[in-house]
Ligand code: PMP
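Just the one chain here, laid out as C-alpha cells, in the form predicted on its own.
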Amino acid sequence: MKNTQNNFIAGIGNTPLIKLSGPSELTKCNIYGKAEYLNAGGSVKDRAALALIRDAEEKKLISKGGTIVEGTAGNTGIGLCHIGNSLGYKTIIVMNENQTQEKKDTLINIGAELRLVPPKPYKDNGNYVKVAGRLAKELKNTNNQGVVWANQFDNTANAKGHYKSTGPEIWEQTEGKIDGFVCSSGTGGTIAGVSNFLKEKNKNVKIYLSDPRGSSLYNYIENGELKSEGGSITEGIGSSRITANFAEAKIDGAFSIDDHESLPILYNLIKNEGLSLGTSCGVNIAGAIRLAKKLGPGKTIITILCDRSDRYQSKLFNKKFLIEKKLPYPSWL
C-alpha cells in the first residue's frame, strides 16, 4: 500500500513550504511559510513534543503507563497528549486560564487532564511552568513507569529536535538557496534549532526574531535589556526571560510586531490565498515582510506557519472583542 503511515508519530515533520503570494509580491522577494499546521497534531509544537518524549525515553525516565506533565499555552500540550496516547502515556497539562476556550476544549476532548491556573509572571511561584514542575515532582513516587516534566522551555531536547528535523527540511526544500529565516519565540526551540542548523550550512543566512508587543525579547536582542512595551492578543509566543532553548539561538536582529500590523496580514491571507492561520503566524509573516524589505528584492525568506485559526477563533473572528481592543477585524464579519 502506498502513502501509508504506521502510526500518529509518522505524521510529524516533512511539512511543505507554501509560497505566500501577497507578501512576496509586496516585497519583490520569495516569501515561503513552512506549513507546520499540517503536522499530525496540528501545530509546530508536535515536533517539540516528540523530541521531549523521545529524550525522556532515551534517558529511561518513562515507559508505557507513565505520566507526562507540562505547563503550556496549549499547542505543546495538545502534541504531548496525542503522542502520549499513541505510546501509552497519561498527560497532565497545566495552562493559564486566559488561553482560548478552543485549546482548553481540544485538550479535554483528547483525554488530557487539564489543570487551569491564574496567569502569573515567571518570577511568581504560581506561574504555570513552575506549577507543572512542582506537580511532576509531587507525583514522581506515585508511578513506577515514571513521571516526566517535559519542561519545553528549558529542556534543550526541544531545540535539538528542530536542529535535526525542521532546519534540515528547510535547507533541503530551498536547495540551500535561502537568504533569511524569521520566526517568533515562545520556548525558543524553533528559532534555536533552525538558526544553528542554517548558520552551520551558510553563516550568511540572516536569522531574525519576530516578537509580539508585550514580550521582552525584542529589546533583549536589539538593546541587551529584558524590557517589554505594550501588549498583544497572540498566545504562546513572547517571553519575559531567556530560556535555555532561546539562549542557544543565533540571531542577527529582531522586529517588534504590533497586532495592528499582524492581524490584517492574517485576514488578507484568508481572503486572497485560502490560508486560515493562527495569531502567531501573523507575527511571523509580518517579520518575514520586514526582513524581505531590509534585505532587498529577489531574496528568499522562510518563516513558520505554526497552526490554524480555529484554535483562536473566539479572538480572531470575534468582532465585539476586536472592537473593544481597538483592533482591526475582517471585512466579512
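Residues carry their position along the shown sequence, with the first being 1. Here the structure is a predicted model, which is why all the values come from computation and not from measurement.
Although not depicted, the form predicted in complex with the named molecule is the subject of the following passage.
**Student:** Determine whether any heavy atom of Cys306 comes within 4.5 Å of a heavy atom of the named molecule in the model of the complex, and answer yes or no.
**Tutor:** Close contact exists here: in the model of the complex, Cys306 approaches the named molecule to within 4.5 Å, heavy atoms only.
**Student:** Does the named molecule get within 4.5 angstroms of any non-hydrogen atom of Ser210 in the model of the complex?
**Tutor:** Because no heavy atom of Ser210 falls inside 4.5 Å of the named molecule in the model of the complex, the answer is no.
**Student:** Under a 4.5 Å heavy atom criterion, is Val147 part of the interface with the named molecule in the model of the complex?
**Tutor:** Val147 lies outside the contact set for the named molecule.
**Student:** Quick one: is Ser185 in contact with the named molecule in the model of the complex, heavy atoms, 4.5 Å cut-off?
**Tutor:** Flag for Ser185 set to yes.
**Student:** Which pick from Gly180, Gly236, Gly84, Gly167 sits with a heavy atom within 4.5 Å of the named molecule in the model of the complex?
**Tutor:** So the residue touching the named molecule in the model of the complex, by this definition, is Gly236.
**Student:** To test your reading of this chain, name the stretch in 87-95, 105-113, 236-244, 137-145 whose heavy atoms come within 4.5 Å of the named molecule in the model of the complex.
**Tutor:** Stretch with heavy atoms near the partner: 236-244.
**Student:** Going by heavy atoms, what in 264-284 lies within 4.5 angstroms of the named molecule in the model of the complex?
**Tutor:** The stretch touches the partner through Ser280 alone.
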